[in-house]
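Okay, so we've got a single protein chain in two different forms coming up as structure tokens, structure 1 first and structure 2 after it.
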Structure 1
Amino acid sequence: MRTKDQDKLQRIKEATVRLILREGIDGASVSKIAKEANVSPATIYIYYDSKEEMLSKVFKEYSRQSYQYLVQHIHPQMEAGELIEVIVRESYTYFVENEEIFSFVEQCSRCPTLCEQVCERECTNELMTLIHEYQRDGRIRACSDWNLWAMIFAPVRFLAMKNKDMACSCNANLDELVQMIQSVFIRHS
């Protein structure tokens, strides 16, 4: 039995991301990914049973990674406004600094088959638990998770995708976005 090598596994994941971005999900075969990773196709099957399993596991890992990054920057004692600001700014920073991973996750999230296999709620569990705590305490206005996601992450993703087009005004746009989101979600007494 062949052993698993973390370096090869990482090369396979990185090759998967690059190839999906270049050729799309349907254009990325196991043999092409193996060639891109400089391994044999048989090596890929040491780590994954199929292309579908490989895509869903890589998609899930990178989806979780972005939310774990956020959790590292927040703590339950933050004021509600600060929490929203950190989520917006750190999401933007993560998306811009990890452009390939961000683009890969975005592309995979538009594939119904992959979305069935990768539950976003599972990837975001720790972050959502904290947000729900703020909602229960009345520090953040209660709403559905879908609306919360649409109001916070959709505009941040949009700004991250347009980062190169608006380089000189990204801070001003982020400042404005933080204020807009805070005005929607923070309860004023």
Structure 2
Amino acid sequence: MRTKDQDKLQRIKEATVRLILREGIDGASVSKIAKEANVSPATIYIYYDSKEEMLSKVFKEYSRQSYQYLVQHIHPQMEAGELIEVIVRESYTYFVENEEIFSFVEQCSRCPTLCEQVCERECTNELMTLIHEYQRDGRIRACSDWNLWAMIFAPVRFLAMKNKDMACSCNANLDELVQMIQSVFIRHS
């Protein structure tokens, strides 16, 4: 029996993500993706049942990835200010260095038909648990999970999205953002 070529599957995923950065979610057709991946359109249907299933699976996978990346850079002994700094800085780094994936995930997460299938919550359990500990003993300000996201990730994602439009001073912006977010969650700073 012939075995599935994992490299080919990887190429399909990357092509999807690359094309959606270039042409937007409505410009990424199956045939274009296939061409970009050097693969026959029919091959895609060996790995996925439909275009929709493909998008939502790739979406889910790459959603997870950014948080997994983040978790690697975090350890529970960190001081509160450092924790926030690392989360913000590393998120930003990841988003900028993986702009294809980032743009893809951003687009998918605004698309009602896609994000009702992908629960962001389950991608982030590990990170949440850690932050909850810091909140419980008062090292960082307690708040609802929604607001935790709203005040940490929404700002970083916004800044990362605007990265291209910014002048050369993007590092200064990031420094400032770190301080601002810290001032929300940590007293006397």
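Counting starts at 1 and follows the sequence of structure 1. In this text, the rigid core denotes the largest set of C-alpha atoms whose superposition between the two forms falls within 1.5 Å. Values in this document were obtained by computation on a predicted structure and should not be read as measured data.
In this comparison, the chain shown as structure 2 is the form predicted together with another copy of the chain. Put the two forms on the same core and the Cα of S31 is off by 2 Å or more between the two structures. Core fit done between the two structures; CA of L19 shifted by 2.7 Å.
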